[in-house]
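Take a look at this one chain, the form predicted on its own, written out in structure tokens.
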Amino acid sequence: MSLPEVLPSRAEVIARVKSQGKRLLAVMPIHYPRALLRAYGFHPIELWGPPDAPVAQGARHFQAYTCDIVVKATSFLLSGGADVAEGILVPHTCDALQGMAAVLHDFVHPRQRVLTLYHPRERREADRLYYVDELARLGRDLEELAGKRPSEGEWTEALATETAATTALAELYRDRPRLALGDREFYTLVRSREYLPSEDFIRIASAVQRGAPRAADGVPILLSGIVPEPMSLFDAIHAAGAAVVADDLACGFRRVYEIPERGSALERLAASILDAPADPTRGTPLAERAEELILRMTSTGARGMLVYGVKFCEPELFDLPRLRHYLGEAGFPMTHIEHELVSTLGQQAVTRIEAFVETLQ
């Protein structure tokens, strides 16, 4: 299977979804309740920049140390790039995104309605109760925007479909050694969740050929960070003689959710996000995150961790010094490459990747 032949473009998906009578919602990273959006008739199109968006329009609204994802997404929105959407959902992933929501809502006033979702940073019972209330609040905003309330059947269908899609994503990761996909193709498929309808993702993910388990095509590493832009990062890793056998990407494994079978719809959605893999943007204790990463690296054979981090991403940067200590004690080297959201991988990053891989050989 050749992914370019089966993966439609974002423009094609947008046109098809609109022709089916569904509404579009532009969604910022990282965590959000897809089944809730689906129940109200909205299809999410995620904005992770994009890398080729100009910065001028967005930069005038933020400090110079604001991450590129926020600045470029704001520029993209102000230039009309998401005019097809009826709303903009900005989860409280970090202070920068919270600031973006405030700028859009209080100063810029885009045509679309700005919706927010505030995640708790712990997993106590009080946090779970709060998050259920927060999801209910988002539901009321979606109801007002859509002019409808989901029926029981629509809720059942939304939960079933999104559960199947998250299961398909988890199976891709589980079957990674058996897939007839290189690293770049694998992560192109994983990231298609950012815009594909869940039915399409399930169909395409299930159709990927599975064979006998095979060894990694290079020195096995774990890739961490927010988003692997540009995607030519995987070409550079392969050219350096390494292979990504596991990840801790915000757009990847951190969103391998498990939707519980019991509880109300909102309780199940709240649990799926609160109990997702370790993530500094959700306040996972550092020792717990390190334990998860060490277990993942041990089980996949990764020899070291490459952190490819967006410049000025504070939740990621806060963890790195102690994370390096924990991993080092377990025998796993770690290197950090800070990057801007650009369309071309810089030579300095390529050289750093080559040097890191050499230390692991």
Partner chain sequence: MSTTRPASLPIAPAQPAAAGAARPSREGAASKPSTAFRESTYLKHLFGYEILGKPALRLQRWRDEQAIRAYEPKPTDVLSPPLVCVAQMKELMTRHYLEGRYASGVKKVAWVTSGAPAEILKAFGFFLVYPENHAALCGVRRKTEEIATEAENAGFSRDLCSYARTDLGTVLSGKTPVGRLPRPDLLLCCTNICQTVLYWYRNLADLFGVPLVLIDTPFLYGEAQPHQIEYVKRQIEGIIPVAEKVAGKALDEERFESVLQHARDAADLWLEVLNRSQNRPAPMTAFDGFIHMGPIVDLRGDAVTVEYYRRMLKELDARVAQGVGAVKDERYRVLWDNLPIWYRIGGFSKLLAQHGVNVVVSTYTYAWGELAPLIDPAKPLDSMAKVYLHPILNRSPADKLRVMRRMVKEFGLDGVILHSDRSCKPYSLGQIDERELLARELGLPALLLEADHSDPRAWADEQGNARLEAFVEMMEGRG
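Given the structure is predicted, the values throughout are model-derived calculations rather than measurements. Residue numbers count along the first chain shown, from 1.
Keep in mind the form predicted together with its partner chain is missing from the figure; the text below concerns it.
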| said: Can you tell me whether H119 touches its partner chain? I mean in the model of the complex, with a 4.5 angstroms heavy atom cut-off. | reply: yes
| Partner contact for E86 in the model of the complex: its partner chain, 4.5 angstroms, heavy atom | no
| query | Hey, in the model of the complex, does P197 get a heavy atom within 4.5 angstroms of its partner chain? | reply | no
| task | Report whether the minimum heavy atom distance between A160 and its partner chain in the model of the complex is within 4.5 Å. | result | no
| Contact assignment for its partner chain in the model of the complex, among D127, E185, E258, E171, heavy atom within 4.5 Å | D127
| message | By the heavy atom within 4.5 Å rule, which residue out of H105, R176, H238, R191 makes contact with its partner chain in the model of the complex? | response | H105
| query | Heavy atoms within 4.5 Å of its partner chain in the model of the complex: which of the stretches 151 to 159, 243 to 251, 94 to 102, 226 to 234 has them? | reply | 94 to 102
| query | Mind checking whether each of D133, R137 and L317 has a heavy atom within 4.5 Å of its partner chain in the model of the complex? | reply | yes
| remark: When its partner chain is considered in the model of the complex, the residues of 307 to 334 having a heavy atom within 4.5 Å of it are K311, F312, E314, P315, L317, F318, P321, R322, H325, Y326, E329
